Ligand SMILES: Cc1ncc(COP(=O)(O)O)c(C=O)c1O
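First, one chain by itself: the form predicted alone, in structure tokens.
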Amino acid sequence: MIKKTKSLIAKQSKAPLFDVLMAHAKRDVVSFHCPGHKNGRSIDAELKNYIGENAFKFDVTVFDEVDSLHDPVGPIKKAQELMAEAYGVEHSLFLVNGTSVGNIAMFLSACDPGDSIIVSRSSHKSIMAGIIMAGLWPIWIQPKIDQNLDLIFNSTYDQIKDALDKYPEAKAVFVTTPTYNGVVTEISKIADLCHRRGKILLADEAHGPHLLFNSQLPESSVEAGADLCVQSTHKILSAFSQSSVLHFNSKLVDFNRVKKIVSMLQTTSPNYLSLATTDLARRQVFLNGEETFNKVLEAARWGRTYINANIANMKCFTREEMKKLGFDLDETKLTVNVTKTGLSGYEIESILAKEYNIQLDYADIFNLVAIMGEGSNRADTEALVDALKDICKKYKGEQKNQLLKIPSLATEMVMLPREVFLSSNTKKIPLAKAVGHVAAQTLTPYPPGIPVLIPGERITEEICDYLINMSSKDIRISGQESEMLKTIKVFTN
């Protein structure tokens, strides 16, 4: 954790971008600039009556007073410097298109076309965009599945070491930590391994911008020494949706290249209210993170303990269980396994939303995922627990013996994904006849949400059978181009 001296606390108490925007809004400046609503004057009356007009006064465009995201010299520059100081890194860049754009930027910044990168197959879908745009060879790590917990794990230290031993030419390693379920991998050991071998470590820490600021939470990737790390300040902290930050702390990557790539990928019309909330989110978590997340953790632990002790057909895995498996756990994520209820996670998620006004972040066949953040409290957890108890009394399903499983994804990469993705030399053929062909599309069954085919891969009989089986069960397969998955797009010479 960052040592908080009096002088550092005094600096971190400032919010330069927010202060400038607030001062500008209070002056009631006559607007002859974009956007067209002119300080909220023309906003739809129904919306304006509900949220008021003041927020729209922060929705300005680029001019000297408020600075430019693409060439910051004023308050944005100061806000980014404070962000870097708060996280103990060399540089931080504000992102306005979420961690997705940060992931893409990391791939483009760390690697040259034709390089290879080690990455888990269970990574976020933006990873495929980064691989395609950067023209990289992916070296896939098969995700580990725990069928007792109905859970998919991200890359372990041993898996990454084995991959580096087998593919020493890899330029970089990409990890996701924490996962959607809050599972944190052995990030310090992985960082040390990568740097001993001269490899760049990229970290998708979308769900971990708070880890550094509470002593009861697992280690953060920035603290562990990741070269580049992206965090979603909107997922757990208080920033608006789409607000994220890219942290730079590397001797292996050129920061000027990172800046140019981030600028290339981002809009020239950023939302300044979102940027201001990023500035404020940093101030809040730096000054109050220990106290705030102590309360969030207390509420989450109460909920986890209560569910495990009092709701017979539901279970939350614990931090102790994760540590026995070689991982750690951000306890602010509540994963509730519901397989013994006979209902799917999807069904319970829908019941919670429609009957109890409780909206979860994510569900699959086996689990519910309740994400707690800076604004969560004990009352929220109690409402969720009471609803789950009630659902168990009111609804009875027929228990199914379903197993979470995926085929072997260590398939042959025949062509660069970019080359196939951009090619017009493709055709559709019956799925049953696709074995041996080179895939020209990405297909991702939900669950488990892992791509079983990507452009440039040889289609194996196992994967073909798996897709046919998934399709026959009416399981949604993202990427299919028709109502039913009967054909598949393949590359033709």
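All values reported here derive from a predicted model rather than from experimental measurement. Don't overthink the numbering: it's just position in the shown sequence, from 1.
The form predicted in complex with this ligand exists for this protein as well; it is not shown, and the discussion that follows is about that form.
At the 4.5 Å threshold, heavy atoms of Asp204 reach this ligand in the model of the complex. Not displayed here, this ligand is approached by Ser244 to within 4.5 Å at the level of heavy atoms in the model of the complex. Gly98 belongs to the set of residues with a heavy atom inside 4.5 Å of this ligand in the model of the complex.
Contact check for Thr292: no non-hydrogen atom falls within 4.5 Å of this ligand in the model of the complex.
Checking Arg304, Lys235, Arg121, Lys199 for any heavy atom within 4.5 Å of this ligand in the model of the complex turns up a single hit: Lys235. Proximity to this ligand in the model of the complex, defined as a heavy atom within 4.5 Å, singles out one entry of Ser344, Thr176, Thr277, Ser250, which is Thr176. The chain is drawn here without this ligand; in the model of the complex, the stretch among 204 to 212, 414 to 422, 314 to 322, 187 to 195 whose residues come within 4.5 Å of it by any heavy atom is 204 to 212. Contacts of stretch 101 to 117 with this ligand in the model of the complex, defined by any heavy atom lying within 4.5 Å, are made by Asn103 alone.
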